[in-house]
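Below you'll find only one chain, the form predicted on its own, shown as structure tokens.
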Amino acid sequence: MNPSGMQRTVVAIKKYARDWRWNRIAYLLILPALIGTAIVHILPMISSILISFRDLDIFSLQQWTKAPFIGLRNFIDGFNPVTTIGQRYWRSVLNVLIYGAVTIPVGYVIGLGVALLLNKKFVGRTLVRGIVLLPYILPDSVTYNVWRFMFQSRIGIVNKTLLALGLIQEPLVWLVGKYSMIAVIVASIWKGWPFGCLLLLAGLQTIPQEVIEAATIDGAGPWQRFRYVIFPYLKPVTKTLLLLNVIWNFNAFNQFFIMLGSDPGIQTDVPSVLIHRETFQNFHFGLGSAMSLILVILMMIVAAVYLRTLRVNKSMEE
């Protein structure tokens, strides 16, 4: 190594040592979080990857490292549209896309509308803000069990209301068959829109009032102020909210499992419920791990494409 290279190495080592001494308290403070992340996320993910290449069932579960190695067979069986499980998987992906295509925009519109109302000054505004958050802070088990009871065909309040209004002639079966997706969508929108409302309300409160007043003085009406002033300020919040909702909706489990059970049928099966059923009820641990791994990869691709799109749009705006 030449003298200049040796000197750069020495300088880099000294800089690293200086940074370590300066930041060692910060490193020690985040160490418990790193250990927890490794135990809860990283190690199970590594185990799932290893299991996905093995024929692991209930008989070989205790010594899973000795289960037969079958290579990519779990991936082929799980995602081959010719096989039964492959057909169910791809149909479950389509179902969750339909579910997200409805719940995300509807929930956003409701949350934005309520946020605009709550951003105005009126008597009892603080109390109303607290009440609005009730659907979101309630446990999923409570929320979706109540909605399951409301959608019961004979005693549910939904059918009784629709019959009283003359919109239906006989009770509908909401929790089985073609209407079950509608039931889950309604319950999910009711449960999820307060979170969007909370984020959007926080975004609205960061908008300088001087900008809105200037637009009003220039003759902008309510729609012009919203389109050209308010909504552009909400774009960062909207983009973050959209990404979170896409990931959460694609991983939807509680609402489907609680309202429809472990096998809701091909019309309302979603990937998370399908993986849970194949893994913990049919004891196909290798197949379930393979499907989980593909689901994670799909979510990473969606997040990467979305973040890349945001970066490109930001560069174009600048």
Partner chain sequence: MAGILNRKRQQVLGRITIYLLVLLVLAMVLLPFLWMLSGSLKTTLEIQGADVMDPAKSPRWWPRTFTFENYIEANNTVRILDYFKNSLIISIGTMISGVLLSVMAAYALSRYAFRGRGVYVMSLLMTQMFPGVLFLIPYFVLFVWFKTLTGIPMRDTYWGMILTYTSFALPFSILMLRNYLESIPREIDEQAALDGCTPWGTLFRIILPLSKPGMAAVGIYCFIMAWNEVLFASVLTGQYTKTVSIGLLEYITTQQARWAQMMAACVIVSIPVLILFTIMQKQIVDGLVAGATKG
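Nothing here was measured: the structure is a model prediction, and the numbers come from that model. Numbering follows the first chain given and starts at 1.
Keep in mind the form predicted in complex with its partner chain is missing from the figure; the text below concerns it.
- Just one of Gly177, Pro232, Pro171, Gly86 comes within 4.5 Å of its partner chain in the predicted bound form, counting any heavy atom, and that one is Pro171.
- Proximity to its partner chain in the predicted bound form, taken as a non-hydrogen atom within 4.5 angstroms, holds for one residue of Ile98, Leu244, Ala220, Val211, which is Leu244.
- Remark: all three candidate residues (Val40, Asn159 and Phe253) come within 4.5 Å of its partner chain in the predicted bound form, counting heavy atoms only.
- Screening 221 to 229, 101 to 109, 78 to 86, 147 to 155 for residues having heavy atoms within 4.5 Å of its partner chain in the predicted bound form returns a single hit, 147 to 155.
- Taking non-hydrogen atoms only, Phe59 never approaches its partner chain to within 4.5 angstroms in the predicted bound form.
- When its partner chain is considered in the predicted bound form, Ser47 lines it closely, a heavy atom lying within 4.5 Å.
- Its partner chain in the predicted bound form comes within 4.5 Å of no heavy atom belonging to Gly166.
- Among heavy atoms of Phe69, none comes within 4.5 Å of its partner chain in the predicted bound form.
- In the predicted bound form, the residues of 51 to 65 lying within 4.5 Å of its partner chain by at least one heavy atom are, in order, Ile51, Leu56, Leu61, Gln62, Gln63, Trp64, Thr65.
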